[in-house]
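Quick setup: one chain, the form predicted on its own, written in structure tokens, and binding and motion questions come after.
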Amino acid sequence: MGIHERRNREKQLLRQEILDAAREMFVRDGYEGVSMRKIAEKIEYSPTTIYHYFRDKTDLLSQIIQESFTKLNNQLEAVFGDQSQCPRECLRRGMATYVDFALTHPSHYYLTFMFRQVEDCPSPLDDEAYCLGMKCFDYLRQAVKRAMDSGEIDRCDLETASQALWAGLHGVSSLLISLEGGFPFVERQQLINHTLEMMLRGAGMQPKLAAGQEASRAR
């Protein structure tokens, strides 16, 4: 590795260190409780160093959100991008992937989807973050359309159905993040699976029958 490549790598590592520290502090201390100086103290650099990478703390929050959407996009693309799956399983797997992302990356999810609901801070959604977020939603929308076209779920207004499913996914994700240990939930995966099943049945998807049941119904 040459000097130029090594310096670029060091810059990227420092930028990521700043993002990680800021994300942890935003979750713990809130928007008003975080300053560029406090972030610099945490990572033991001068505030001037952080300003080489980010304009201010709103820019930092925006970059964290972009990072979150990028991670989520990559996971959703791996599922929804596989057109060889049947529409039923594609939609189900994609919805499960969304919830799994939220619970695997709770601080990313909290700052991206829940933080501005409780904090008096400027909107950090710049054009790039907004486009990344809409790309995530479009994966769900296209999967819903495939399921409608194949007859797996009831045909209705595509936008309404897609938003209703996302609202349910956000609901179970945010509850499990914000009320962890504060509500006597049943076993986590059991709750998630049952919630997704109820959402899909509400959309008109019938339970998948075992081979013996299908043969019995055919007779």
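Residue positions are given as counts along the sequence shown, with the first one as 1. Note that this is a predicted model, so its numbers are computed, not measured.
What follows is about the form predicted together with the DNA, which we do not show.
- In the predicted complex, the DNA sits within 4.5 Å of a heavy atom belonging to Tyr51.
- When the DNA is considered in the predicted complex, Ser46 lines it closely, a heavy atom lying within 4.5 Å.
- Though the partner is left out of this view, Asp56 does reach within 4.5 Å of the DNA in the predicted complex, counting heavy atoms only.
- Within this chain, Leu175 is remote from the site of the DNA in the predicted complex, having no heavy atom within 4.5 Å.
- Across the options 179-187, 63-71, 160-168, 27-35, residues that bring heavy atoms within 4.5 Å of the DNA in the predicted complex belong to 27-35.
- Contacts with the DNA in the predicted complex, taken as any heavy atom within 4.5 Å, map within 4-37 to His4, Arg6, Arg7, Lys11, Leu14, Val34, Ser35, Met36, Arg37.
- Relative to this form, in the predicted complex the C-alpha atoms of His105 and Glu17 separate from one another by 3 angstroms or more.
- Pairwise change in the predicted complex: Tyr31 and Gly181 C-alpha atoms lie closer than in the shown form, at least 3 Å.
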